[in-house]
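Consider the single chain below, provided in structure tokens and representing the form predicted on its own.
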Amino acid sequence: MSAVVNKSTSGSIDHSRRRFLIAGSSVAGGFVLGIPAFSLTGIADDSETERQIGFFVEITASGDVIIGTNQPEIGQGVRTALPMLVAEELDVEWSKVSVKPMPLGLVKTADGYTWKYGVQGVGGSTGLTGNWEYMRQVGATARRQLIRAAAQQWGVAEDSCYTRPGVVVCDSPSRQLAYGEVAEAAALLDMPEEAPPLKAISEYRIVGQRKNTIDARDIVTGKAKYGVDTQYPDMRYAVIARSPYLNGTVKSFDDTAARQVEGVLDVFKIEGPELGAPYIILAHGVAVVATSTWAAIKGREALQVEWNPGPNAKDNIDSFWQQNNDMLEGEGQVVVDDGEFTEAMSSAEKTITRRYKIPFVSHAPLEPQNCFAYVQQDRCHIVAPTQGPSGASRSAAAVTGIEREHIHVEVSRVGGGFGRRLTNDYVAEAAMISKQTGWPIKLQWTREDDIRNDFYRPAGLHEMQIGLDADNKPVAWTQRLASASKYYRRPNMPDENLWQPELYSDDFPRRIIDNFRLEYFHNTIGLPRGSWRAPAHTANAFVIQSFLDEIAHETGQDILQLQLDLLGGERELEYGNHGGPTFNPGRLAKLIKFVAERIDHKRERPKGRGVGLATHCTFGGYAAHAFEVTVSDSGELQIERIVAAIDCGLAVHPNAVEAQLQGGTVDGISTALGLEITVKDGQIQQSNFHDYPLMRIAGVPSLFESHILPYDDVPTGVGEMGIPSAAPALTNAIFAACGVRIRSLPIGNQLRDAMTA
């Protein structure tokens, strides 16, 4: 494939901007080398807009390297990890690298839209794994072209040249050229037919080493720019008064007082989705547009709105749980049925049955939803903190009617995603308001807006049952779940598939216990729901790891030995869910044994002090936790020590892996201790951190170990692995300390009530 080089309007090659850029796959596949229609250094060139540029590298004449990254940064470190892969294969000093985000790149073809800069979007811990090979090839190919250009300049064979960081070297005769000196010539070369070989892992000096996150200093000094920091000339500001009722509508509104608030420019109705239809935005409401966010909020406070409560006005959390309980008394949809389950369970020497409750929870990112949108007659500009920039493009197109190739989407750094920003309802809202007014609009949600208008983690009641033989060995296992499915109101979603995001069919202990059954019941409560960090794994890890702890206690077994016996040695089991194609239970065994030994779980502890263990596999990554806690006679809980370990194959960016393990652990504890969304008479009851209390720093023990246990040279994502096993390790430790079994989350006041009863 020929190189594409930038040309001036006169047709001559533009040598004034000494740069070398290399892309990932084009629409047709393969690499494209050249200068894109938008520049990392901010110099645009519309004369070459047909080029399909993916990931790329820019080398300046001074030898500085700018690496473009197209993935949203939501705190998982991908904006550092992916450039590390490029820099490693390119062979440059990491200190010479800077990173710039790329906007959404789409190309319209005869078959629809395809990626211009490679797949863009993060969720399910795929940001790194989906680009592992690809980004290394980008760097290796760039390095190869630099070597070729230097060899041609010297008139020597290519294989007589090699690189040291930032320079091409030839030993015979001895000479070298800095990358900046040869980059321009490299941009003129045809691309090689075959991709160059990649480095051996043993040669890595950037990947796998502890490097600072690229913008860590900007974050802690307040220089990092989030969506909430977006500013454009002549921008107006907007907020929305949304229906407080699930699926409620605007009956009437009086905006007289609102329009008298200084700075208020316009007030108008916002139409929400039709009942039962897929969500574009979450709710019907009234928009207030003003010269500042403060004025818009004061205008909203002055509004007089009368609401139609709608069909879900009688939704209540108590009736939801009762309905789930009643459903479990009947027969549901059997979705997995391995072996001879019925016969094995009925012939078991002993059966143990327990029920566990997982509540609705909110994402509660520290940066509430916001979006800048400027809709003009034939184009639209979006700036948003989103996990899915392509989804932002679709949302804007849906409400404006503008073709997606004319919708420019920029992705700011995201102040917390956790799955909430996979949905772009706030983008659609901003675009609707800009289209209505013709102004560039910055839509801002408040904390109350965010808590009360979310795609909540689905709640459910899980019934677990195990059948044991005379030696307390498992012969049958079932998990029965009555819940509100995440797939509620998804487009073209048949009812028989509603179970799929709530019960991962191949999760442990399938293919370990032969007689295995999963059964599902759907509750149609009106709360919106969506992906929440490590989606169903957070629920199922708590349920399964709590149940195993109960089995061990009831049968007089050591919990670690029971886990090791079930998990067995390292082997690859078929795994068809996200994170497959295989699952290795031996990797979990290694982790739980490690954390148990680190915390010395077999040591006798005094009354009121206990240790709990848990482990889980999430999206191809493995983690385990050991907690040591004390519980006073009055039910006061103190976490004394945490040992956490993760196996993510190869840790590309160890600092980020450790941070994600720590952050996931804290998130798991925070959620388990006090987080729950409830509904009464069709209205969400929580509104801010006073009644949705996140964990405080003082609650995290100083004895907090985080360990990375390497496994092989293939990385997995780490954004979600650290959270699922934290809650069951905590509650298992609570039981060991005081004998109170937590089967219903959040823990709340259960300990105080039980200990003082």
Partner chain sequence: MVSFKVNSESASFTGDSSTPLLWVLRDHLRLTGTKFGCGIGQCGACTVHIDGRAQRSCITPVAAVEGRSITTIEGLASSDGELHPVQQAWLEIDVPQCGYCQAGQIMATVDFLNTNPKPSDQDIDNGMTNLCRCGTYVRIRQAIHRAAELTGAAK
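Note that the structure is predicted; figures quoted are calculated from it, not measured. Positions refer to the first chain, counted from 1.
Same protein, other form: the form predicted in complex with its partner chain, not shown, and the subject of what follows.
A.B. asks: Which one of these stretches, 242 to 250, 572 to 580, 196 to 204, 666 to 674, sits within 4.5 Å of its partner chain in the model of the complex when only heavy atoms are counted?
C.D. replies: Contact-bearing stretch, as computed: 666 to 674.
A.B. asks: Going by heavy atom distances of 4.5 angstroms or less, which of Ala157, Leu366, Ala277, Ala257 would be at the interface with its partner chain in the model of the complex?
C.D. replies: After the contact test, the surviving option is Leu366.
A.B. asks: Pick from Arg394, Arg175, Arg511, Lys225: which has a non-hydrogen atom within 4.5 Å of its partner chain in the model of the complex?
C.D. replies: Among Arg394, Arg175, Arg511, Lys225, a heavy atom within 4.5 Å of its partner chain in the model of the complex occurs only for Lys225.
A.B. asks: So in the model of the complex, are Val336, Ile358 and Phe547 all sitting within 4.5 Å of its partner chain, heavy atoms only?
C.D. replies: Verified in the model of the complex; spot residues all out of contact, no.
A.B. asks: Classify Gln557 as contacting or not contacting its partner chain in the model of the complex by the rule of any non-hydrogen atom within 4.5 angstroms, answering yes or no.
C.D. replies: Close contact is absent here: in the model of the complex, Gln557 is far from its partner chain, nothing within 4.5 Å, heavy atoms only.
A.B. asks: Would Gln444 show up as a contact with its partner chain in the model of the complex if we use heavy atoms at 4.5 Å?
C.D. replies: Result yes; Gln444 sits at the interface with its partner chain in the model of the complex.
A.B. asks: Determine whether any heavy atom of Leu566 comes within 4.5 Å of a heavy atom of its partner chain in the model of the complex, and answer yes or no.
C.D. replies: Answer no; every heavy atom of Leu566 is more than 4.5 Å from its partner chain in the model of the complex.
A.B. asks: Hey, in the model of the complex, is Glu448 touching its partner chain, heavy atoms inside 4.5 Å?
C.D. replies: Within the cut-off, so yes.
A.B. asks: What residues in 513 to 543 sit within 4.5 Å of its partner chain in the model of the complex, counting heavy atoms only?
C.D. replies: Residue within 4.5 Å: Trp532 only.
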